[in-house]
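What follows is one chain in structure tokens, specifically the form predicted alone.
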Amino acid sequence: MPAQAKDLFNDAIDNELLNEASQLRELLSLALSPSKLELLMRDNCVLCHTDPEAQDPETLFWTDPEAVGSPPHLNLREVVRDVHFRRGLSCSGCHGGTPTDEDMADEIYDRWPEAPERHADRTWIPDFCARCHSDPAFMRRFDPSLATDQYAKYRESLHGKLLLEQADSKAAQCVSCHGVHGIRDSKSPRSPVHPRNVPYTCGACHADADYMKGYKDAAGDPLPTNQLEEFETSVHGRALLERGDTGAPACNDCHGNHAAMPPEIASIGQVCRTCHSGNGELFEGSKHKKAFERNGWPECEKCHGNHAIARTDDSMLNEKSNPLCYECHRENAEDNPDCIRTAEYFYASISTLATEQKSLAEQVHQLAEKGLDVEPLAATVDDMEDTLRQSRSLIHAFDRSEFEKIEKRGHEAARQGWEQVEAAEGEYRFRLTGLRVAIGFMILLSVALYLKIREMEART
């Protein structure tokens, strides 16, 4: 242990802040770095509240709170891992007083409501956290990169309005999402607001039917509580929760963080464009755009859904497997049969290109196994894959003219691909013929050599 840390331990013993062997064991079991250990030992609040002789279980910090009957938020390991503690802000930062106080200052009792009141009425929490987090000058001392407009955004959110305007303490506030003493940076996998944990943090309330009972959406219908279940099976959920792709959206990417609210119909397309900008631009100039605005439909959600978004595939254009396009066109475009014909054309064209691309991709493997150079053919297959991606994306424009250009390019690539296959097979046949001729010549040579040897043996 560094000399300075030893001096701090000795000072704590002399000042009767470190009195019990169990208390010393708890502090040392944290295995802190020298700098963090010195920070801890300079905080009389922690020293006093880790003394089992001086504290009741309700106020005792311990590494295993359950073993001594302390509340979970008094877990000492969580306290020293808190982002505030690691940046030099300990108990007094929130509770008042100073780390060197040997007695409880009056300020500590005046900082927030009494326990029964503060647990029943949570309206005080956002304002309390905002005392620091809305002060740019103060935050600059600890994390200049952190935004200081969270409270302003929260006040405009549905959570904020429920809590601050309607005094509904069930509404989410800072502690609901970030925790109390064990607050971690959002990049920490153990943080409740880490991307992979956000769905379950939101789901703690929104997936609880009893907790959400009585809440209604803008149309006056009960809020659903199956969003988490649907998200887990969606293309976004599988990417985030199963593959660990933190680039995939979680709840806050679509609804917002501190300004959380349901996307309005007019803004759903803009939310999706955050990631899917290319498809959004194509849809922006399409005939569908005008129809959607006329009928008040949410852009992307109308076809893809919201929380249970499935991976897209070509069958979405097939009337037999997914009548989505056809039902909508029959219901809303009876006077324009070209709508259904266009959807049929898209499906037929893409299916043909996809079949060609798959067949050529199989040829790449077969020809490679024969030892042939397949690099030109592989490049053609890649070009067809790119063509398919573009053609599938162009569906959002619902315009045959642009689509036909890409389709033509795809068919040309397919033609070149089959020519390359034929050339490769021709080369293979040539090699095979040459090999057969060589083997035949070697056999004849062997026979001639054998006969010559027999003739020489007969002479002797």
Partner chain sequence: MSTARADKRLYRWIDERYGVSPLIEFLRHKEVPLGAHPLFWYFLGGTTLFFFAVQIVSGVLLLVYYQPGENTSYESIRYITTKVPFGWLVRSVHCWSAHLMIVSLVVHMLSTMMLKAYRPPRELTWLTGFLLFNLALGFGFSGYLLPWNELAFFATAVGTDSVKSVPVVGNWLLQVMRGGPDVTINTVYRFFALHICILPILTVGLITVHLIFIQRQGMAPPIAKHVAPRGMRFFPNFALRDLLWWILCLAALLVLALLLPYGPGIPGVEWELGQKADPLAPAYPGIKPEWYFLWIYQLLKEFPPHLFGLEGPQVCLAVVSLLMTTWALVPWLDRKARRDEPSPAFTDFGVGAMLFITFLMLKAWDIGAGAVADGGFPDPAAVARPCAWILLAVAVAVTAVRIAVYRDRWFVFSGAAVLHAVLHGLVGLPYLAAGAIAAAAAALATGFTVARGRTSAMPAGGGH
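Rigid core (definition): largest C-alpha set, two forms, superposition within 1.5 Å. Residue numbers count along the first chain shown, from 1. Not measured: the values here are computed from a predicted model.
Absent from the display: the form predicted in complex with the partner chain. The rest refers to it.
With the partner chain omitted here, the record of contacts in the predicted complex names 425-433 of 53-61, 392-400, 425-433, 410-418, defined by a heavy atom within 4.5 Å. Looking at residue 15, you'd find every heavy atom of it more than 4.5 angstroms from the partner chain in the predicted complex. Among residues of the shown chain, residue 456 is one whose heavy atoms approach the partner chain to within 4.5 Å in the predicted complex. In the predicted complex, residue 446 approaches the partner chain with a heavy atom inside 4.5 Å. In the predicted complex, none of the heavy atoms of residue 235 sits within 4.5 Å of a heavy atom of the partner chain. Interface residue among 189, 371, 116, 220 relative to the partner chain in the predicted complex, by the heavy atom within 4.5 Å criterion: 371. Residues of 115-137 that come within 4.5 Å of the partner chain in the predicted complex, judged by any heavy atom, do not exist; none qualify. Annotation: Cα of residue 15 displaced by less than 2 Å between the shown form and the other one, core superposition. Superposition of the core reveals a Cα shift of 2 Å or more for residue 452 between the shown form and the other one.
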